[in-house]
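We begin with a single chain expressed as structure tokens, specifically the form predicted alone.
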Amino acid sequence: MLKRTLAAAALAAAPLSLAVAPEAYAFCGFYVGKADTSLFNEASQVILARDGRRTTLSMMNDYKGELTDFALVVPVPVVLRRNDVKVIEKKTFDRLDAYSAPRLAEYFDDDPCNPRPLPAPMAGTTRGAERRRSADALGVKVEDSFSVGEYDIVILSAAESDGLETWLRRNGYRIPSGAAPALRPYILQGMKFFVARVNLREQAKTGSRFLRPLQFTFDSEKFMLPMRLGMINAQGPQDLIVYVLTRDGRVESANYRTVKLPANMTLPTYLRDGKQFTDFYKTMFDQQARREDYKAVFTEYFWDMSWCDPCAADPLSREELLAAGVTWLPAEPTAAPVPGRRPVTPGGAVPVMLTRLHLRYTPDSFPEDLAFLETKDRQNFQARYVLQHPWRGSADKCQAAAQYLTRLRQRQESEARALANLTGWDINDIRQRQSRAPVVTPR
């Protein structure tokens, strides 16, 4: 079924702070792994592109039931029209996920007997008539109706929540019992309701078993994401990942605590194995969410979209950014290329910032919808974890080698303790795995 975590809600029948410093190196390295959304089976994904008062909201529909049972009800601040709504391809979400996913990078210690100058750390960059008569009797007004792709869409306003719930049921929308209390706060705020269901004939034409994401655009002073409706049938904690695209700065929650995940620390090299790293990240995030009592919004990534370091995937192209809802791209590139960066458009960088937020929450821990604030902060951040592979050599090769091996043992103990603190895993088991880590040679 469509995940109950979806902030916009389909109605159908998300601290410990460690700073274990590795040997001096630049803020880059070889990218060797990532922790994408596939790690979180119950995670829903939303894209928010915000510029001034304009918001473009894209929602991933991962519904897996009978299509006749699908119903999506989204509170929106204004009446949406046909030109405001479109369907997009899932690959837009896949690209944003791949680009911003928490990542693993690796480095290799130099030969202590033949050292080379180390680069300075890189500073973060700043950059129908019957239906209408029935609606009137229930205090519901059909503001507009149209079809987009495989979806039939109705825009509603309502005077009271019981009438809205009744109207939805009478018109064949399979919504859960008890929806009225969840609808009431939005009616009191004067919000409208974007309601979608599947047009089976149009869906068959797509040749796909999956529903494409829906995207709609509107103007509003409110920079927020309605999520309370998605909790009606919630059972246990749920995950939500929000990709926020803005012009200027990092985005955080305006009504909940926003926390950066522990990051940029060295961990035991045996985590290079893909399964080991994914186990680590899932466990670490679970620990952090529990420590915050499921009341925090975690920042997993913030970066200028024109480059990355290290790159888990290429930055999005101009066409991909447009598909994600970015409306403020210049008609032609105007800025000169910046050395060391990878421009999205030929000849210039693109003024788009990406904030990736991850929250695990329950109905009790997030009693309000999620409100956002675009800050002036432009300091890059990523949930990045480092493997520092040791030099393999003898202590008697030179005096510096013996000193290096002493420091290495201390560093590896710090790595083991950091991993145990982040995950709660047994440190003795970590040490044993550490001692059996395979040798990896530099590329």
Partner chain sequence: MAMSVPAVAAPTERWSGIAARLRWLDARYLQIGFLGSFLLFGALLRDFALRPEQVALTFAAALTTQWLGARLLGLPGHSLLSAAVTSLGLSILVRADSLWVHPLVAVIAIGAKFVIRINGKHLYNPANLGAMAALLLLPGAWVSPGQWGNDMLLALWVAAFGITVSTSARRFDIAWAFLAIYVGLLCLRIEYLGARWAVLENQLSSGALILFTFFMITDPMTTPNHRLMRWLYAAIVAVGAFVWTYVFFQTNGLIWALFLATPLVPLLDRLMPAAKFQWRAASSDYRARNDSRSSSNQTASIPL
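As the structure is a computational prediction, the values presented were derived from the model and not from experiment. Positions refer to the first chain, counted from 1.
Just so you know, the form predicted in complex with the partner chain exists too; it's not on screen, but the next bit is about it.
Colleague: Which listed residue (P363, G149, G139, P112) meets the criterion of a heavy atom within 4.5 Å of the partner chain in the predicted complex?
Modeller: After the contact test, the surviving option is P363.
Colleague: Ok, Y256, F108, Y294, Y270: which has a heavy atom sitting within 4.5 Å of the partner chain in the predicted complex?
Modeller: Among Y256, F108, Y294, Y270, a heavy atom within 4.5 Å of the partner chain in the predicted complex occurs only for Y256.
Colleague: Pick from 413-421, 390-398, 375-383, 66-74: which stretch has a heavy atom within 4.5 Å of the partner chain in the predicted complex?
Modeller: Looking at the partner contacts, the answer comes out as 375-383.
Colleague: Looking in the predicted complex, is the partner chain within 4.5 Å of a heavy atom from each of K86, T206 and R212?
Modeller: Not a single listed residue reaches the partner chain in the predicted complex, so no.
Colleague: Check whether Q189 has any heavy atom within 4.5 Å of a heavy atom of the partner chain in the predicted complex, and answer yes or no.
Modeller: Close contact exists here: in the predicted complex, Q189 approaches the partner chain to within 4.5 Å, heavy atoms only.
Colleague: Might R228 be said to contact the partner chain in the predicted complex, defining contact as any heavy atom within 4.5 Å?
Modeller: Contact with the partner chain, yes.
Colleague: Given that the partner is absent here, does R184 sit within 4.5 Å of the partner chain in the predicted complex, heavy atoms only?
Modeller: Yes, R184 sits close enough to the partner chain in the predicted complex that at least one of its heavy atoms falls within 4.5 Å.
Colleague: Does any part of D239 reach within 4.5 Å of the partner chain in the predicted complex? Heavy atoms only, please.
Modeller: Residue-level check for D239: no, no contact with the partner chain.
Colleague: Can you name the residues of 97-114 that have a non-hydrogen atom within 4.5 angstroms of the partner chain in the predicted complex?
Modeller: Counting only heavy atoms within 4.5 Å of the partner chain in the predicted complex, no residue of 97-114 makes contact.
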